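Taking the form predicted alone, here's one chain by itself in structure tokens.
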């Protein structure tokens, strides 16, 4: 039972039903482990529930998917994984959660579906705030396309009488646009005993937990409905629906950052991970991919077609266009990473310039160093990877190959086109080229032969 408008009681439990096979997705992994913006659907749901105030969770799995789902959620605490031995309906799944959990002294029970990744913290708080008014609360939505969802039947006083599944609805009931979302809340765990009274006298011969609403209504318990946004509640059963959900979530993320002052050009063309941290006066141009674990400082510009993941970008950096910055990299303040540059596991200090068509892997670059176009660090010998260390105020000429392990000290120059495989002392010029030879008249002779 919620103690106040938006507080979740510490003895409440969130049940997430994940035992279904998800056969319509034709996926090799459990349906709830399909990803949306880099996170699995079940991870997304647990994360929102945690931020909403839940302290305890029960995830209902089947014998085949429990290990995979448990492994995906190992960073969360207080999850009890329960197995539904046979997939004979949602009522049996809910009963498995209640009867086999390790948790004691449960107050209220919130039941969610593992394939509804668009729930928000505000949605959870809305459920909590309405729970005092009823014994059982359901969440529904109004849609012009109700196909596939259970229809909500109510009386003239808006008391909920029953939920009719699509397969069992008659023609008039199929015209109803108010649909059940799959979310159901029992204010008192004692009322979950009604789940044991459910029969499987339906076309699919399954035990639907939606049937508990009719049983509760006929027993004199109050059942209320809260209508929420369809885009927050719709389920994911196909890859098309997964794509639609990702678009919704991406729009929310972009809107959040734009409200904080981030300029995002054509946000519908870009991918921005939910966990990204962005500073002030940042510009993100069209067709940018920003993956997980990215931190962007103030005044940064990320130009079109850049791909960034696992990176910290300091203040006033310019990235791209067409740049790729991979995990475990730091781009220092006032640096510039040009077009068609790839950086991996490298630390660029303040004021570093990397022109274009360059690759820096496993490298440390000192302050105010210039990396010429076409420069590559040769960091892999076929078995091991090695570090390249470049000091401050170094000039690396275009089309240079830096063969690691290598230490290029401060204030040095590397001539264009050099292959450098020995350390370069401070203040030196490194040149490694084959001596040029000009054969006078050679071109004219070749033309005569043709």
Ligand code: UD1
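Residue numbers count along the first chain shown, from 1. What you are looking at is a predicted structure, and each value in this text was computed from that prediction instead of being measured.
Not pictured, yet referred to below: the form predicted in complex with the ligand.
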With the partner removed from view, which of 193-201, 290-298, 334-342, 231-239 is the stretch that lies within 4.5 Å of the ligand in the predicted complex, judged by heavy atom distances? 231-239
Can you pick the one in 315, 350, 275, 165 that has a heavy atom within 4.5 Å of the ligand in the predicted complex? 165
Could you work out which of 361, 366, 320, 150 is the residue within 4.5 angstroms of the ligand in the predicted complex, going by heavy atoms? 150
Candidate spot 93, 114 and 180, all three in 4.5 Å heavy atom range of the ligand in the predicted complex? yes
Evaluate residue 17 for contact with the ligand in the predicted complex, applying a 4.5 angstroms cut-off between non-hydrogen atoms, and reply yes or no. yes
Find out whether any non-hydrogen atom of residue 110 is located within 4.5 angstroms of the ligand in the predicted complex, and reply yes or no. no
Answer for residue 24 alone: is it within 4.5 Å of the ligand in the predicted complex, judged on heavy atom distances? yes
Decide whether residue 87 counts as a contact residue for the ligand in the predicted complex under a heavy atom distance cut-off of 4.5 Å. yes
Residues in 200-231 close to the ligand in the predicted complex, defined by a heavy atom within 4.5 Å, in order: 208, 209, 210
